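Next up is one chain by itself, shown in structure tokens, the form predicted alone.
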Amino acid sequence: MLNNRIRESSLLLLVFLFAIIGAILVDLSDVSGVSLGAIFLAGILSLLILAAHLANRFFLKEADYSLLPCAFLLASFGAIMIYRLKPSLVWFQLVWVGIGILTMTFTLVFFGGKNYRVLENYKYICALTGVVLLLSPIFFGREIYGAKLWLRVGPFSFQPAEIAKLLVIIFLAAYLKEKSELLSTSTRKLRNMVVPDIKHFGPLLIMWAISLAILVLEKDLGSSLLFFGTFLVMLYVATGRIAYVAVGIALFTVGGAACYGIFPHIQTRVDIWLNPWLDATGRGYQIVQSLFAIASGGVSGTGIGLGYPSHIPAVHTDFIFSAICEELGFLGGAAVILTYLLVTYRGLKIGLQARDDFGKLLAVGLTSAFAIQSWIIMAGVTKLAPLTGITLPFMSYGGSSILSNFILLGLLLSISAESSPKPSGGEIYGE
């Protein structure tokens, strides 16, 4: 078996070849032929891949070998499609990928190995900062496409929920580690199910209230589902009590139904999801065009640069998966989904192998947030779930999303380096 970093470099070489071929194919779809833009795109992506690999190789030799190649495969997919759809924006995207690599390197340096455990000491600071960021768009946010997700600072805009999710997960991992024994204590039975005491449902009710506040006041179903779903997963892992999950799902269902009956903007979002064809040229235009694009892709797609995904508004952000399905077909869409599933699998495996409860809960929380966010946006553009305004990790255009996901990646790599099997004696091989 090969050393982890050799495996990683081999996989990254395949990603690099994919980036080169993809950039060239975009230009070849035009009669003008290959341009300097495609060469620069492939060259910059190769430098970014090399920089990330060297950082991982230098600071965390024992880290998981598959996470970085998967992340750059997704980032390369995204960059190629942005170059295809909005050529002027791809350079900003690459700048943000570079900044993301710097933040990932910072994470590896300061929190690599056992050092990530220091985050446990700052759980209440993380909680306060995360909640403030999460709820700040209610008072200072800009409403775009019907949701208040963005804050503007001078010429820059960012989504505070992207950073808030990391801080809240760190707090939840530390809090649930500390209170897991108390929360898992059960003295009552409901039929054949062991039920915790009523007083232990306090954290569940608090997160439920925060998620409904996001849904109602920020008009953001995606973040509401993301935070509450991640919390339920972490709560179950910490306690092993299915009762918390059952009560949580019931609370969110009841709260969502009540909000649907009271607030018109929630009714509009759900009605568009159920039947966008009633207003196919108005409120349902985005999802209708997305469905047309996915359907026209068939099995193998129209070919890169040969489709018409530009008919979808905001295609380079919320609907980039639809563009991939149109031009690369079912096979391209399945490749993207399988890559997200692989990251999810490796992240959960890192959590299972973690040597301490905080690392286990942190890895599971980060992975759950990544998986739930990916599912929410892909389900939204395929009409499997109501459409939301959150981004597709590593692929959608946007700095705050790229930044937060590279920090998430750095934390998972840090935990994996501590939990990976250490070679004995002079042995240098092994996973």
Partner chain sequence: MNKRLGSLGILFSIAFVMLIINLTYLQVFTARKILSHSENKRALAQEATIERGKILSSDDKLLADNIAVENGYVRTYPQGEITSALIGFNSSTYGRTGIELVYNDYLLGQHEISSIEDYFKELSGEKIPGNDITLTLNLSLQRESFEALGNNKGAVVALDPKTGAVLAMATSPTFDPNNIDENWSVLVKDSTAPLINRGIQGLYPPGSSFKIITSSAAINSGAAAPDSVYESPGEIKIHGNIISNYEKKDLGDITFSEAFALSANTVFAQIGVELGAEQLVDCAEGFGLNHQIPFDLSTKTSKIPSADKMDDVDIAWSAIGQADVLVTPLQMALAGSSIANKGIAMKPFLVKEVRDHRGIIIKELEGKKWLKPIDEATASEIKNMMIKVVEDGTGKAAQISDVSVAGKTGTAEVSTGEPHAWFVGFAPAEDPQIVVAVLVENSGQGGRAAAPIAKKIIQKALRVTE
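Numbering follows the first chain given and starts at 1. Quick caveat, the model's predicted, so the values are computed rather than measured.
Although not depicted, the form predicted together with its partner chain is the subject of the following passage.
*Given that the partner is absent here, does P309 sit within 4.5 Å of its partner chain in the predicted complex, heavy atoms only?*
Result yes; P309 sits at the interface with its partner chain in the predicted complex.
Can you tell me if L41 lies within 4.5 angstroms of its partner chain in the predicted complex, counting non-hydrogen atoms only?
Output for L41 is no: heavy atoms all beyond 4.5 Å of its partner chain.
Interface membership of L67, its partner chain in the predicted complex, 4.5 Å heavy atom rule:
Contact with its partner chain, no.
inquiry  = Is D220 near its partner chain? Define near as a heavy atom within 4.5 Å, in the predicted complex.
reply    = No - in the predicted complex, heavy atoms of D220 and its partner chain never come within 4.5 Å of each other.
- Looking at A258, L348, I249, V132, which is the one with a non-hydrogen atom within 4.5 Å of its partner chain in the predicted complex? Residue within 4.5 Å of the partner: L348.
Taking 4.5 Å between heavy atoms as the contact cutoff, choose which of L48, A371, A55, V26 touches its partner chain in the predicted complex. Among L48, A371, A55, V26, a heavy atom within 4.5 Å of its partner chain in the predicted complex occurs only for A371.
Can you pick the stretch from 272-280, 87-95, 259-267, 110-118 whose heavy atoms fall within 4.5 Å of its partner chain in the predicted complex? Selected stretch: 272-280.
task = Let me know which residues along 315-334 have a heavy atom within 4.5 Å of its partner chain in the predicted complex, or say none if there are none.
result = Residues within 4.5 Å: F321, C325, E326, G329, F330, G333, A334.
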